[in-house]
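Below you'll find only one chain, the form predicted on its own, shown as C-alpha cells.
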Amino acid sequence: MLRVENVAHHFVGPDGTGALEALAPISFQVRPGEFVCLIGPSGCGKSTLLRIIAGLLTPSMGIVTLDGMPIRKPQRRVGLVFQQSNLMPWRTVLDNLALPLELAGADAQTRTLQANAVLQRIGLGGFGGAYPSELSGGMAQRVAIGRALIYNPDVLLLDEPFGALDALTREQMQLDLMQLWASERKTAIMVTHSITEAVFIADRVLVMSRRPGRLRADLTIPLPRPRRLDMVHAPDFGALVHQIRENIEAP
C-alpha cells in the first residue's frame, strides 16, 4: 500500500526568498497492483509530487509511505521513468539497461543475465547490441522503462513517458505498457497531460487543480480490461473524458 499523507511543497529561491507554493496538502493511497494516472493543468505540481514519491525530493510537509515505511530517499522498490529516455549514446541497449546494476556493484555475469531477461520482458530481444541512435523513439522509451524494471521494483512511476512520441507510436506504447503492466502487475502511477490517455490506461484518475496543486477528484475508471483502441469511440469512454475535463476546467 502506497500512502501520500498531507504532502505539500514549496520552492524557495537561492537567497531564501520568493517561495513558490507548488503543492497544497494532498492525500491519497494506491492499492497494490493498481494503475493510477495523475492529470491536471501544466504547473500544478504533478511532476513535483512524483519526485517526492520517488524519494528524489523532500516535501515541505507530509509523508509518503510504502507498506508503512517512509520514503525519504531513492530506493530499489520504486522505479522512475522520465519523459525523455536519457539513454547514454555510447552504451549499447544491454549496457544501458544494466547501468543501475553496474552502479550497485553487481558483477558482469549478473548484469548480463538480468539485462537480457528485461530485454525479453519489454519486447526487445535481439536488440541488446544496438545503440540508442539505432532505435526508434518508442523503442528507446521501452529501454527506459526496462531500466526502471531492472531491480524488479514494487512501484513504477512514469512522468509523461510518451509525451515526446508521435500519435501512432504513442498509441502503440500505451498498448505495450498495459500489456507489460498486466503481466507484471506492478503498482503504477503515471503523470500525463492527455485525458484520453489517462482514461484508456488507468484504473483510477486523480485530477489536480491549478497551482498550488490540490486533489480535485478521484475517479474510478470502470472500463473492462484488456483495453482496446476502439473503446475511445464508445459513449461511456466519452462520458469519462467529459467528467475529467469538467473537473480540470472548473474554477
Ligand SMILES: Nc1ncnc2c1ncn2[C@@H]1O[C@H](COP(=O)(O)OP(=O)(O)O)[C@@H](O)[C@H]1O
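A residue's number is simply how far along the shown sequence it sits, counting from 1. All figures in this text were calculated on a predicted structure; none of them were measured in a lab.
Unshown form predicted together with this ligand; subsequent notes refer to it.
Which one, 36-44, 219-227, 182-190, 66-74, holds residues whose non-hydrogen atoms are within 4.5 Å of this ligand in the predicted complex?
Selected range: 36-44.
Is there a non-hydrogen atom of residue 22 within 4.5 angstroms of a non-hydrogen atom of this ligand in the predicted complex?
So residue 22 counts as contacting this ligand.
Looking at the partner-bound form in the predicted complex, is residue 204 within 4.5 Å of this ligand by any heavy atom?
No, residue 204 sits far enough from this ligand in the predicted complex that none of its heavy atoms falls within 4.5 Å.
4.5 Å heavy atom contact, residue 51 and this ligand in the predicted complex
Because a heavy atom of residue 51 falls inside 4.5 Å of this ligand in the predicted complex, the answer is yes.
Quick check on residue 214: any heavy atom within 4.5 Å of this ligand in the predicted complex?
No.
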